[in-house]
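What follows is a single chain, given as structure tokens, in the form predicted alone.
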Amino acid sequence: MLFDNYQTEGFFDEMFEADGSPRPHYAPVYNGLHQVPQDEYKNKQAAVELAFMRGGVTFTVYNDSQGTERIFPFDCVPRVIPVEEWEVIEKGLIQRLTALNLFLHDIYHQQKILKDRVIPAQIVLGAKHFRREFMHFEVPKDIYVHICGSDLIRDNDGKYLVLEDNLRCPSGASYMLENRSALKRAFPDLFRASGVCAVDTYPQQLLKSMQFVAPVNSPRQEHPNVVLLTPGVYNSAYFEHAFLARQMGIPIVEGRDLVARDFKIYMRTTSGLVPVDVIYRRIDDDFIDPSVFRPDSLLGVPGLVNAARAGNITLANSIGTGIADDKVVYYYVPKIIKYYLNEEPILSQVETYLASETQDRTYILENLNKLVVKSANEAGGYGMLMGPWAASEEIEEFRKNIIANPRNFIAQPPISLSRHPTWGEEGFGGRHIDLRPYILYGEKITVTPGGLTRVALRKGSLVVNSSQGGGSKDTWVLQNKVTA
């Protein structure tokens, strides 16, 4: 049977108790899969992978000798979250995004949190993604972050922790939707028996969030024109850009398809120029307008920032949101929640040391072989030192970089991420996972009941990023409470 030789090995396992018995909320999945012959399971797994290949469900790895385009790895055993756990996650994420949005408004206006010395001013004002050009800039409905993807992990006790926030151009929602579609085809009876919350309304909810923040002076308030701005087909997430644009029923455009006229943005079409109200942008700040940021950028739209300043175009997410997902600012999020909401954080986060603080820096430098060190603004698993598993040369290189630029580094103790049964060459084994839920901010803040569970496919690895050898699973949030 599929799970006969599976071992939890002392880690917190999502599916099994320490004694090897399945957790109550996993009973339908366990019962449905346990009796499946291995050959049949392998055939279903292969069929899903073939469907992904034919459907172009891919991502790009740059500087890869085996070719840049890869099929996104997918494991057929779903991650299941009981409704009572999800309710806490949902409330915690809504609280967190509410506070971070208030933080962004404050930082680009009165900067009260800096004046009250809750956060040292140099942490914010000297940050890579703080945009001085956007001081006193008004965004529609005061919403800066329309799409957020915060990463959650679970520790040895099964406690959910926020690992980081992604408030610029969070990716992965397309894989959440494709995973659900694939698993419903592979195990339709299992899906129906489990009572799972739907995720397939995400594209429509995303579009509504965009339309809600259309410029107030637009003559198309009832039906604002929304486009998705992509860097192009060579971008690592182009599959997602095309997928979401198609699902929302909006045009996908590159910078050359848009033009600024009289502080407004228009899309070039065969029928002439068409006005645009909202841009779901998947281009970083630096490249979005060469007349304001990087002058060598060929990806953006000259004049876009002036059109936004004039209140004629909305950018989702807003320019300047990167300051709120700086890994050094992450350290202060519990204080940010307390400052703006006068509440204690519902979701905890990982203990963090700041290399910019003398005492913390001393501790970090003395314990590099025991800590995980992260660069403040890197993503995708890059710019990170996994101390306990790193070579001495890599540790020494990080030591030099920390001493040279302490503001750019944080350190955290290694967390033994929870594990989940995952299919491999030798059958099922435990692999470490995390969770990226998707939060939308429109008329209200909503959290899609599920998200993208990412899995470290290499045995023992804690790095779940697809660019570093990770894959994904479908995430099932149950509709009803399960009794033991």
Partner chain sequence: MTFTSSINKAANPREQIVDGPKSNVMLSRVAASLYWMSRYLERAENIARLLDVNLQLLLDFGKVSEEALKQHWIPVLRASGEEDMFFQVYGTADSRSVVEFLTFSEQNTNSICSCIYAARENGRQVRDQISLEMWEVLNAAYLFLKESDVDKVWARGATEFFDQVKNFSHLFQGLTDSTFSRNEGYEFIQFGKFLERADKTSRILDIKYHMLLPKVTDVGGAVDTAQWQAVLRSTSSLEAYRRYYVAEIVPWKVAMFLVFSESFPRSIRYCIERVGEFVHLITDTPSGQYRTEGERRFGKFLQQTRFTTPDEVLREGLHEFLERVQKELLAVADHMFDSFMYHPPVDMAAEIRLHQQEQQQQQVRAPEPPQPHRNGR
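Numbering follows the first chain given and starts at 1. On a predicted model such as this, the values are computed, not experimentally measured, just so you know.
If you look for the form predicted in complex with the partner chain, you will not find it shown, but the lines that follow are about it.
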Fill in: Partner contact for residue 429 in the model of the complex: the partner chain, 4.5 angstroms, heavy atom
no
Worksheet item: Taking the shortest heavy atom distance, is residue 176 within 4.5 Å of the partner chain in the model of the complex?
Response: no
Fill in: Interface membership of residue 72, the partner chain in the model of the complex, 4.5 Å heavy atom rule
no
Worksheet item: Hey, in the model of the complex, does residue 257 get a heavy atom within 4.5 angstroms of the partner chain?
Response: yes
Practice prompt. Tell me the stretch among 323 to 331, 267 to 275, 98 to 106, 78 to 86 that has any heavy atom within 4.5 angstroms of the partner chain in the model of the complex.
Written response: 267 to 275
Discussion item. Within 4.5 Å, heavy atoms only, which of 302, 195, 413, 406 is in contact with the partner chain in the model of the complex?
Written reply: 302
Response to the item:
Residue within 4.5 Å of the partner chain in the model of the complex by heavy atom, from 365, 252, 186, 94, is 252
Fill in: 128, 458 and 463 all contacting the partner chain in the model of the complex, non-hydrogen atom within 4.5 Å
no
Practice prompt. Determine the residues of 234 to 252 with a heavy atom within 4.5 Å of the partner chain in the model of the complex and present them in sequence order; the list may be empty.
Written response: 234, 238, 242, 245, 246, 250, 251, 252
